[in-house]
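We begin with a single chain expressed as structure tokens, specifically the form predicted alone.
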């Protein structure tokens, strides 16, 4: 829209959204609806049509945008982790090394406490991926990205002299990610009996003790 057309708009009104903006909004709404249904029912017990209706669109829109249900489910896994990465960058000024690693772990657990529905959906996806080749490929890619960032933090901490130099860095990164996910899964299974804040504090303390030079 040019400046002359924008000047004709009444104060406080917005320019009509473009087709691309409308599609992006629809995709976000469909993915949000899929997160809700996966958290509530798991992967098997919902349909593409239900995703569309839950999102406030037609029952056929998810199939139009994503094709198959497996493709939608893989997109949900990708979206959850991408949103986490975006939130992490917005909320934390990451310092490489031990401090950044501890801050990332704390944010991971705090994010689950703030949005247990999304945390539950991700836990479902992680478990179900073992039986779904398309989803397994996406989870493997997500795992590689997550552990690569942890490896970077660990390696920098070793260079700083704040993290033990005798660590097997790739293995340690896998164990940290697995520990975070496992902690969240146990909390989701018993939120009344377990306090996520206490689990976070204990996890960070143990992580610091095990890594510190």
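Each form is matched to the other, and the largest set of C-alpha atoms that superpose within 1.5 Å is called the rigid core. Residue numbers count along the first chain shown, from 1. This is a predicted model, so every value here is computed, not measured.
Keep in mind the form predicted in complex with the DNA is missing from the figure; the text below concerns it.
Taking the partner from the other structure, the DNA in the predicted complex has a heavy atom within 4.5 Å of a heavy atom of residue 58.
In the predicted complex, at least one heavy atom of residue 47 sits within 4.5 Å of a heavy atom of the DNA. In the predicted complex, the DNA sits beyond 4.5 Å of every heavy atom of residue 187.
Though the partner is left out of this view, residue 161 does not reach within 4.5 Å of the DNA in the predicted complex, counting heavy atoms only. Note that among 140 to 148, 32 to 40, 171 to 179, 58 to 66, the stretch whose heavy atoms approach the DNA to within 4.5 Å in the predicted complex is 58 to 66. Counting a residue when any of its non-hydrogen atoms is within 4.5 Å of the DNA in the predicted complex, there are no hits in 173 to 201. Taking 2 Å as the criterion, residue 160 does not count as shifted between this form and the one not shown: its C-alpha moves by less than this amount when the rigid core is aligned. Here residue 195 does not count as shifted, since its C-alpha moves by less than 2 Å between this form and the one not shown after the core is aligned. Once both forms are fitted on their rigid core, the CA atom of residue 205 lies less than 2 Å apart between this form and the one not shown.
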